[in-house]
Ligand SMILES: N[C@@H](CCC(=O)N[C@@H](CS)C(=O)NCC(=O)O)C(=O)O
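Here we start with a single chain on its own, the form predicted alone, put down as structure tokens.
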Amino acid sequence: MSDEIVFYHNPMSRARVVHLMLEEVGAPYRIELVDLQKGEQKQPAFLSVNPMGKLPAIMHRGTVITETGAICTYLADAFPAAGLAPRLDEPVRGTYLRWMFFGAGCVDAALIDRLLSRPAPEKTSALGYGRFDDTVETLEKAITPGPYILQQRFSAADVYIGGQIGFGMMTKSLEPRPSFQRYVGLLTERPAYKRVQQQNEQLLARLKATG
């Protein structure tokens, strides 16, 4: 069985975070472009991969993995040589998983609610993230004192959370606090990030040419 990863991607989607994770991991992967403008994500070919009809998705060793946080967690564990996740027997593994799941369960939903101007319900305890302001304060604490979530240790949690903070500031659903700007600025200086930016420009050109 081939160890190559098939990566279903569109640069204008959450798949950008997985693209960055793949570059950080350094494992061989092949991109399958999904044209969102043509609705290819809702066609039978892709629905057989992810019935939700959403990106990102990868296929590795005959197994499909979807959901950005799950893919980042999977890749970090599947390729331990990259050093992007603490080992199972390391105490800091708990901290790492805490923030990975916080990103998936709280940050993502909070930012989308703010982006779409959804009114907060009277009983915020029913929301997974509670209050938006509490989520933002907790997010800031996650990257403090830094420079990374695990302090001196860069991990998949930074790829995931960093992508969310960058998205939030870009869409103005998250205020550009100095701590967030510093953190995202640090991540964008990484070689993997610069490679992804260059590759995505080429992929967008391909999509435009076939549009």
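Residue positions are given as counts along the sequence shown, with the first one as 1. Just so it is clear, the model here is predicted, and its values are computed rather than measured.
Heads up, the form predicted together with the ligand isn't pictured, but that's what we're talking about next.
Only one segment in the set 48-56, 171-179, 141-149, 25-33 has any non-hydrogen atom within 4.5 angstroms of the ligand in the model of the complex, and it is 48-56. By the criterion of a heavy atom within 4.5 Å, K38 is excluded from the residues contacting the ligand in the model of the complex. The ligand in the model of the complex comes within 4.5 Å of a heavy atom belonging to S13. When the ligand is considered in the model of the complex, K42 lines it closely, a heavy atom lying within 4.5 Å. The single residue of 68-95 lying near the ligand in the model of the complex is T68, the criterion being any heavy atom within 4.5 Å.
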